[in-house]
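Just one chain is shown here, as structure tokens, and it is the form predicted on its own.
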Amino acid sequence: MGAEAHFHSAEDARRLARRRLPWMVFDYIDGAAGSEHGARRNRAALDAQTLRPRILCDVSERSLATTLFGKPAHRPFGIAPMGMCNLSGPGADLMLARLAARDHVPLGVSTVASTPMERLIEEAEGNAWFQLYFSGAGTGTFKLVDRAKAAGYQTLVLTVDVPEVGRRPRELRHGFKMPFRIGPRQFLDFALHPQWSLETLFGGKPQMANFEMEGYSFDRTESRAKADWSMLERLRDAWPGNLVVKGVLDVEDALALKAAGVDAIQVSSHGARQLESAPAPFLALQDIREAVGDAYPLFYDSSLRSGEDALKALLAGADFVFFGRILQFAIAAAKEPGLRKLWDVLSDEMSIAMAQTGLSDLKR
């Protein structure tokens, strides 16, 4: 019996992952900005939202299927872009890609993915969106845009809530760096977690794979503060496919993005990893939906931990939602079987919550 048999919720996966991962890696995945009040605020908003139970509705046949940019998806939730996923386990990026291919949901491919973007869209059978950071003066950024276009990506996700990388004390205490570096403190940490260390040794040290090309490197701490509305206009002109802007919490910004020709907005606080004092995105979602109207595509991520959480976000106005770090915990806990087990748990949680609230499908 594999480890995946022992978890029945995202919290079970997190608990097992915490035992197996080096402290530095666990805190990189799990941590948030500042004293992490923002993360608690996010959870409090979701926890405070109730669902309305309904009775005597025939919900014997239920569907989690939806459409996304006109294409069918087997689930109303996808995989958020996450940097350096292979820290959670060798081959994690590819595990996520295979899951995206199976259920025809988007795999968010991070700028700082640990597997090249070309390999991931191939493994995901086209079910992949490329997430873009503007960095420095932007020259390298637009090289990545051209590369994503050549690789066949049809959706580009511009993340706009990181003009400067937020301070995450849990990372700083461990001396976490990208690219990955090992000093005496990290060596001791890894020695105390031998299973992960040996697997990573044989699997290869995770690298920022999209920058293994001549003439362009990526510094995670480099300022991204030069990004402005003229950059967005240039990007809109350069990108022929769907353009999503991620990291929006303000109604005025949302309306301006809609007017600028952005195809969809993703309401997000970056998992509370950037601005500790940011409002809870779940509350912002409802205000932004009211402002942009019912027909405009609106996505959501941040602090989702269950299928019931996801249903709350969909009922609050999101057309589609994304899970993030809990998927890495599942991989760390039990590799690919763990990932698929948690995905099934999330699906079951949502389906059961739909039954309890009288919903047969997710049509709004």
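If you're wondering where the values come from, they're calculated on a predicted model, not measured in any experiment. Quick note: we count residues from 1 along the sequence shown, nothing fancier.
FYI, the form predicted together with a small molecule isn't displayed, but the following is about it.
- If you check the small molecule in the predicted bound form, you find no heavy atom from any of Gly2, Ser88 and Gly338 within 4.5 Å.
- Here the chain stands alone, but in the predicted bound form its contact with the small molecule, taken as any heavy atom within 4.5 Å, falls in 75-83 among 75-83, 225-233, 146-154, 94-102.
- Proximity of Tyr133 to the small molecule in the predicted bound form falls within the 4.5 Å heavy atom cutoff.
- When the small molecule is considered in the predicted bound form, Asp309 lies well away from it, no heavy atom lying within 4.5 Å.
- In the predicted bound form, no heavy atom of Phe299 sits within 4.5 Å of the small molecule.
- Remark: Arg325 counts among the residues lining the small molecule in the predicted bound form, judged by a heavy atom distance of 4.5 Å or less.
- This chain is displayed alone, yet in the predicted bound form one of Ile29, Leu68, Leu314, Ala334 has a heavy atom within 4.5 Å of the small molecule; that residue is Ile29.
- This chain lacks the partner; the member of Pro106, Gly271, Pro206, Gly140 within 4.5 angstroms of the small molecule in the predicted bound form by a non-hydrogen atom is Gly271.
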